[in-house]
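The chain below stands alone and is given in structure tokens; this is the form predicted alone.
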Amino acid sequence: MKVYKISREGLDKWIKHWTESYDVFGPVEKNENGMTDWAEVKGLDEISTAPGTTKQPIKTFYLPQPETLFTFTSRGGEPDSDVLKETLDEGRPRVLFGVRPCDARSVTLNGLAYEEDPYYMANVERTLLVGVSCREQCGTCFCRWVGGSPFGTEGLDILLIETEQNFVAEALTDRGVSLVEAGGGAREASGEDLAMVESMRQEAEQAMSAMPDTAETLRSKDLMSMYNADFWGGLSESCINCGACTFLCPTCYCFDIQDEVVRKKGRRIRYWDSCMFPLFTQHASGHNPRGQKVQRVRNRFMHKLKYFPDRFGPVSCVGCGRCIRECPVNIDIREVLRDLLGVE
């Protein structure tokens, strides 16, 4: 890791320089309420520095909605007429600027399930992540509950920490170092800068409560003994199965595949689906193993907190709080965690 110091003007020059070789995206204010979302940017002045996450997670860059897997034509046996063309193409590299540490962690977590998927991995290879640390905690943030940190570096190429007058840039990967050196104008951070950043890190973490070893504690609990617990029924009563929680969650990655054909030309697409939808587990026979709402609600939380950790290790949640913020009936995953762990 290399640590640099850069002024706001220097950071703006970085972005302008990067646009010559990369598509650069950042959080842009979308409405009068201050909600931000991802958009292509050309300079620092276009990027919102408001605390909190964007409306959409960065999984939209790794699992596009929808995603064409291949195209095909069929002309009834004419010579050289049947063509199948794979669309796997690395395309132009891109920089996501202003990524919060929780979102960056999601790329690593999803990669555990998608490590054999060439489309996902191609998007990982062509996407560089420039993160910004969180000095302010939003009311729905809980990254430290699930092993994250407001100054976390997992999945990032560069982490930016804003100080009173400048930025400290931690270049965490070789790609991150190359980005910094390509932008120019940075100087090596001093010992005083590093001490200030460490103090800010400790202050931010202390301001955010944490559940000790949440993943390990969940593994030590016999969650399957709570499979038929009464609280699942109470939790599901208010749920309307809208799927907002899964579509806005950085670590929900369920999909369906369909073929679209028009006049003997078509494409196979992968698009987002949700375990909260009644048809998600509908069999061709008509049988549905999760036909009841309580079964679907339970599955969503058990996957994140039990099934995924059993298979891969970490909890499949980064604590971004989008599902809490956007749920129309105020279901709160933090309350589910408390119930499962038996804590107040």
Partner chain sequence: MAESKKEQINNPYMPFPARIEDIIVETEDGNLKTFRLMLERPEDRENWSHVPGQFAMLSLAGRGEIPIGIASSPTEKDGLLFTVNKAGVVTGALHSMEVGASVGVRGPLGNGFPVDSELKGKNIVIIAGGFAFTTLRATLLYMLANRRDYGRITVIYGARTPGMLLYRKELEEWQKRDDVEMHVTIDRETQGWTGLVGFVPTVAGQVAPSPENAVALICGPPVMIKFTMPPLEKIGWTDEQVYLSLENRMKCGIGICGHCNCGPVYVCKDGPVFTRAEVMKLPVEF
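Residue numbers count along the first chain shown, from 1. The structure displayed is predicted, hence computed values, not measured ones. Between two forms, the rigid core is the largest collection of C-alphas that superpose within 1.5 Å.
From this point on, the text means the form predicted together with the partner chain, which you will not see here.
Visitor: Find out whether any non-hydrogen atom of residue 217 is located within 4.5 angstroms of the partner chain in the predicted complex, and reply yes or no.
Guide: Looking in the predicted complex, residue contacts with the partner chain do not include residue 217, since no heavy atom lies within 4.5 Å.
Visitor: Could you confirm whether residue 226 comes within 4.5 Å of the partner chain in the predicted complex, counting heavy atoms only?
Guide: No, residue 226 is distant from the partner.
Visitor: Determine whether any heavy atom of residue 203 comes within 4.5 Å of a heavy atom of the partner chain in the predicted complex, and answer yes or no.
Guide: Contact check for residue 203: no, nothing within 4.5 Å of the partner chain in the predicted complex.
Visitor: Check whether residue 30 has any heavy atom within 4.5 Å of a heavy atom of the partner chain in the predicted complex, and answer yes or no.
Guide: Residue 30: no contact with the partner chain in the predicted complex.
Visitor: Heavy atom within 4.5 Å of the partner chain in the predicted complex: which of 257, 207, 195, 242?
Guide: Checking each option against the partner chain in the predicted complex, the one that comes within 4.5 Å is 257.
Visitor: Of the options 181, 162, 82, 136, which one has a non-hydrogen atom that comes within 4.5 Å of the partner chain in the predicted complex?
Guide: Filtering the options by heavy-atom distance leaves 82.
Visitor: Do heavy atoms from each of 325, 331 and 334 fall within 4.5 Å of the partner chain in the predicted complex?
Guide: Answer is no for this spot.
Visitor: Where, among 22 to 30, 282 to 290, 41 to 49, 315 to 323, do residues come within 4.5 Å of the partner chain in the predicted complex by heavy atom distance?
Guide: This holds for exactly one stretch, 282 to 290.
Visitor: Scan 118 to 141 and write down, in order along the chain, each residue with a heavy atom lying within 4.5 Å of the partner chain in the predicted complex.
Guide: Heavy-atom contacts within 4.5 Å come from 118, 119, 121, 125.
Visitor: Indicate whether residue 187 shows a C-alpha shift of 2 Å or more between this form and the one not shown, with the rigid core used for the fit.
Guide: Shift of 2 Å or more: no.
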